[in-house]
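Okay, so here's just one chain, in structure tokens, the form predicted alone.
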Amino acid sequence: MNKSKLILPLGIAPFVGLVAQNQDKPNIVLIYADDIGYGDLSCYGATHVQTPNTDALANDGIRFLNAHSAAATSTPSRYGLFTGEYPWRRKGTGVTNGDAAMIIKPQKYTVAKLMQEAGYVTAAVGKWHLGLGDKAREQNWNGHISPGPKEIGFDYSYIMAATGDRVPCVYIENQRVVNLDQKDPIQVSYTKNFPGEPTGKDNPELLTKQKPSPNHGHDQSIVNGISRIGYMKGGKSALWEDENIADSITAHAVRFIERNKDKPFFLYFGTNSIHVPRYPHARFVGKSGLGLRGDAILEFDWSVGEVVKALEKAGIRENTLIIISSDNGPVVDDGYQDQSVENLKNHKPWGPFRGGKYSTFEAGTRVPFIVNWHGKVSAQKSEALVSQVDMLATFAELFNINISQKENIDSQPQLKAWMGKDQKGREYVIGSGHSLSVLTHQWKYIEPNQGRAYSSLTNIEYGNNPKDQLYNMQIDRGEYDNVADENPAMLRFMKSILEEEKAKGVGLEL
């Protein structure tokens, strides 16, 4: 690999110089929330729920107002985050089942591999949802599962195989199921149930903790009194308890910090909060006043606080770059009768925007994004347009590593924006929900789509429309006034951007 140094923008060199000389390498902690929307945190304007630990980092760092996940759903957002490539370019990057093959292949260059190249010890803790193993439906859940996090750059891992509402409902540490009794082997299927195993659909009397919403499909195997998507048999000693998930993954994140405090480390901490099924620990239940969804937000904020306390206790808080963001926009009813809709009150998880999770409208991908590096980044809010796909190129810029020879179509170095030295950021971002979109600082274009405009299950507008959509985001951030007909020149320009991006490669095989 070509290790020649990059030419760095004025104002960034002092930071990179330290890193390049192997002096005072900052530890990096990336806290990745699940389904937390732009308006869910009090530092982003929420008033009905308070997130003091997250707010403290925002108040001492940069709070970005125009930051975007790579997609409006979980799996593709994580793919873009780690690879620096828009997920819509690759087939098979949609939301995965728990028995999906790993969608990031071992030969792919990733943020974690870059960190290893920079001399960091790396860890992935929490939600994974990127598939495991070489072939779908053929994982050896009762032995070593490979490929997995290690093959794409993580020295240590303690993960949930997929997500909270999908089997298998077990923790996997360094690619082996935790606490598994080999006499009770795990079996997983997403096509048919195992003989004699109860399901939420057929055995509702066993749903002691939470019941599925009608027609969402979360009515298959029952684990911990909650039915899931998919079928699972065995592994009883290894099953998680939903109310303890945050405690377990937070404890392992803290333990990793404690064990590696004397060396530079990169910690990816993917929280389960606030994804369904929302069943937070009893110490949070009833505390938000917004029902279980609000309580789960408090639980997320607690996890943030525990990580910061661990850094302080280890004496490395001053030399740690902390990033907080979310994988996609919010959803209120996403499959369980947890009364989140009834308890929403005047809280607006989507903030001032339209849509939410799954949507091409702005709330699908505009997410919280906080960068905190105490003493290096001054407190401010930023209007810079930034994307999570830029993690790879921005960290490469920070470490002075040339990645020009790597397959890296989309990631752009944005260190000046991260450091608060640039209020512009990107020229544009390509978004993906049900359709593709182009967002600049002023305009947003959504390509035509023949799909449903609205989901009655989630109560979310998808943004689908058979006609071109063009919005002036400076005066219509709610995307209600389609001005495509009145602005033909701008429409052609925005469409040309999208066509040029597609021409770089789309629909590629993994």
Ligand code: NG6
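Just count from 1 along the sequence shown to find any residue number. These numbers come from a predicted model, not from an experiment.
One more form of this protein exists, namely the form predicted in complex with this ligand; it is left out here, but the text below deals with it.
Each of Thr163, Val276 and Asn328 comes within 4.5 Å of this ligand in the predicted complex, counting any heavy atom. From the list 125-133, 314-322, 178-186, 197-205, the contact stretch for this ligand in the predicted complex under a 4.5 Å heavy atom rule is 125-133. Looking at His216, you'd find a heavy atom of it within 4.5 angstroms of this ligand in the predicted complex. Contact between Tyr358 and this ligand in the predicted complex is found at the 4.5 Å heavy atom cutoff.
Proximity of Asp34 to this ligand in the predicted complex: non-hydrogen atoms within 4.5 Å are present.
Although the partner is absent here, Leu436 is not a contact residue: none of its heavy atoms lies within 4.5 angstroms of this ligand in the predicted complex. Just one of Asp334, Asp99, Asp410, Asp338 comes within 4.5 Å of this ligand in the predicted complex, counting any heavy atom, and that one is Asp334. The partner is absent here, but in the predicted complex a heavy atom of Ile229, alone among Ile229, Leu239, Val285, Val121, sits within 4.5 Å of this ligand.
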